[in-house]
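Below sits a lone chain in structure tokens, taken as the form predicted alone.
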């Protein structure tokens, strides 16, 4: 079966209305069809929370610095998150797609290691 999409691509014999364009069920006449354009269904990506874990050794100032540099938080938000982590043991630094969350966790861990701090960061599906 031939599917013709744009109208200007119809063969001249069919466009001119010749007797060959009659399809009476299997006499060898041309098959025609309707083109249906389907749109793929786009699904929103899953979101992931980046969690920072408290420890007894990483300085609070360093945690605030990481929150500002890696997560783009302003000073007040970074301090608020740091205090939450300090008091509750864990805190959400942000919510991102998987790839972005994974990158931020890696950046945080690298920054902590380079500065010899045991700071831990992980991600969790929202």
Ligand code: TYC
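Numbering follows the first chain given and starts at 1. Bear in mind the structure is a predicted one, so any value in this text is a computation, not a measurement.
Absent from the display: the form predicted together with this ligand. The rest refers to it.
With a 4.5 Å cutoff on heavy atoms, residue 55 counts as touching this ligand in the predicted complex. Although the partner is absent here, residue 72 lies well away from this ligand in the predicted complex, with no heavy atom inside 4.5 Å. At a distance threshold of 4.5 angstroms between non-hydrogen atoms, residue 123 is out of contact with this ligand in the predicted complex. Shown alone here, residue 86 lies within 4.5 Å of this ligand in the predicted complex, counting heavy atoms only. In the predicted complex, every residue of the candidate spot (63, 82 and 119) has a heavy atom lying within 4.5 Å of this ligand. Contact residues in stretch 90-112 (any heavy atom within 4.5 Å of this ligand, taken in the predicted complex) are absent; none meets the cut-off.
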